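Next up: a single chain in structure tokens, the form predicted on its own.
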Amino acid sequence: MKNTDNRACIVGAGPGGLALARAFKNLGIEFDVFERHSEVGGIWDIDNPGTPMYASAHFISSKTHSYFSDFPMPDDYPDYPSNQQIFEYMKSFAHAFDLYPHITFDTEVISTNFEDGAWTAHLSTGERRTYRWLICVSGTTWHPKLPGWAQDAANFDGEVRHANAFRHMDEFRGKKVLVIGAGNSGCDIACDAAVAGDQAFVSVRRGYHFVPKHIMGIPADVFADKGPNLPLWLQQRVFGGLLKFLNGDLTRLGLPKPDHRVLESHPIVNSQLLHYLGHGDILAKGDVDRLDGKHVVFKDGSREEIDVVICATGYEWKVPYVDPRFFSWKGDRPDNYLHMFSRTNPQLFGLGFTETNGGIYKLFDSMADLIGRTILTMRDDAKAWTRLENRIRTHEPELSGGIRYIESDRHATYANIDALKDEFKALRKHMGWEAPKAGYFKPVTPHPTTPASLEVA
């Protein structure tokens, strides 16, 4: 066993793990990163076993809002970069800040245990290492969740699988395809089926508001940022009216009327689904009742002959290498303080177990810095640590931003990005920590450029 006192173990070299590695380097914290795959990037590497990535996937937030601090995406990237471009950006980021030497690839953290004030990480190589701190950054889209009726497909002559197994529209050639769920990936896959399949269907249980990727030629998130700072109720009314003006009455396309106001669910940013629905290349259906031979039977009594059912029905947020009792939970989601700090073990953190309504990478930078400063406080300042530990244990922040999110598993721990940022500021003020300013992170190697061979999907 290798003893690593006052050292941190970071599990995962996806976007969150890379943000942590860079922050810890700047703060002088010793750390190791373990990545079970052979490259950085997490889900953005389409060759990473178990990734939910598919060939047509693009960012749903724009490059203007979704990049690491002091490391903007290349100017020649489009407004919504492809998955290949994001993967190249991740690798460039790791090279620019010299993070590769800190990452042990092809090595999985199989399990951990906490004893005598230290974490022991059991590695897939058979090695064991002890650490004072454990940071879980292993992602949330690795454990597919299927609806009950899909788990018993013995009475169905077609194919049923989760969206995480889908890779390319060519899989749909000559087939009738039903996609379950109209989240962002479900919309993308349904549009792929509209192009490549004989007929595409999308099954939705509730109505949603669809945000076009561009509004007046501007990425939707940039357009929203340029707007006036209105009260929440007025934002909902104005933006809701704008979407109705742009999209019209969605029930004309067979979709249910939304049962919630704008902003009360995770944004669905898609400009293609409504186009294909309007042209009959996708047909909207309600909730599924059962599978029957060559058919899918819906709860309204209708049935369709289907060859392939793709379930874009979400994921369980598991942390399989940590005893669940070390986190508090809401449903299947870790309920960490400010989405970072375990409420039961102060030497345990999570990053990436956050779903919010804005660009995530700068948020990761803020969270990584806060985790790092917490580790330094625990290590070096007992008095300040007592004050911080008490806040983590007793403070109950309001992270909804005043929005009444729909009641669903997905929104059990949902956070409004502005409310979350405000709480980060409050924590820094409470502890006397300054926020990193522009130029805080300095690349070791030059800024990346887009490889000439890289094409937009």
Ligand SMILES: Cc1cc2nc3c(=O)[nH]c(=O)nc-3n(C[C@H](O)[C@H](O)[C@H](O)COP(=O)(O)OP(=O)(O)OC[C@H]3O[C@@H](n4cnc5c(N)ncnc54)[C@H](O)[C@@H]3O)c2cc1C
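All of these numbers come straight from a predicted model, not from anything done at the bench. Start at 1 with the first residue shown and count on from there.
Here the subject shifts to the form predicted in complex with the named molecule, a form of this protein not shown in this document.
Q: Among 24 to 32, 388 to 396, 422 to 430, 52 to 60, mark the stretch whose residues have heavy atoms within 4.5 Å of the named molecule in the model of the complex.
A: This holds for exactly one stretch, 52 to 60.
Q: Of D98, D307, D381, E108, which residue is found within 4.5 angstroms of the named molecule in the model of the complex when only non-hydrogen atoms are counted?
A: Selected option: E108.
Q: Could you spot which one of L370, A312, L255, I360 gets a heavy atom to within 4.5 Å of the named molecule in the model of the complex?
A: Spelling it out, the residue with a heavy atom inside the cut-off is I360.
Q: Determine whether any heavy atom of V11 comes within 4.5 Å of a heavy atom of the named molecule in the model of the complex, and answer yes or no.
A: Contact check for V11: yes, within 4.5 Å of the named molecule in the model of the complex.
Q: Heavy atom to heavy atom, is S366 within 4.5 Å of the named molecule in the model of the complex?
A: Judged by the heavy-atom cut-off of 4.5 Å, S366 is well away from the named molecule in the model of the complex.
Q: So, T377 and the named molecule: in the model of the complex, are they within 4.5 Å at any heavy atom pair?
A: Looking in the model of the complex, residue contacts with the named molecule do not include T377, since no heavy atom lies within 4.5 Å.
Q: Find out whether any non-hydrogen atom of F298 is located within 4.5 angstroms of the named molecule in the model of the complex, and reply yes or no.
A: Taking the distances in the model of the complex, the answer for F298 is no, it never comes within 4.5 Å of the named molecule.
Q: What residues in 287 to 326 sit within 4.5 Å of the named molecule in the model of the complex, counting heavy atoms only?
A: Heavy-atom contacts to the named molecule in the model of the complex: only Y321.
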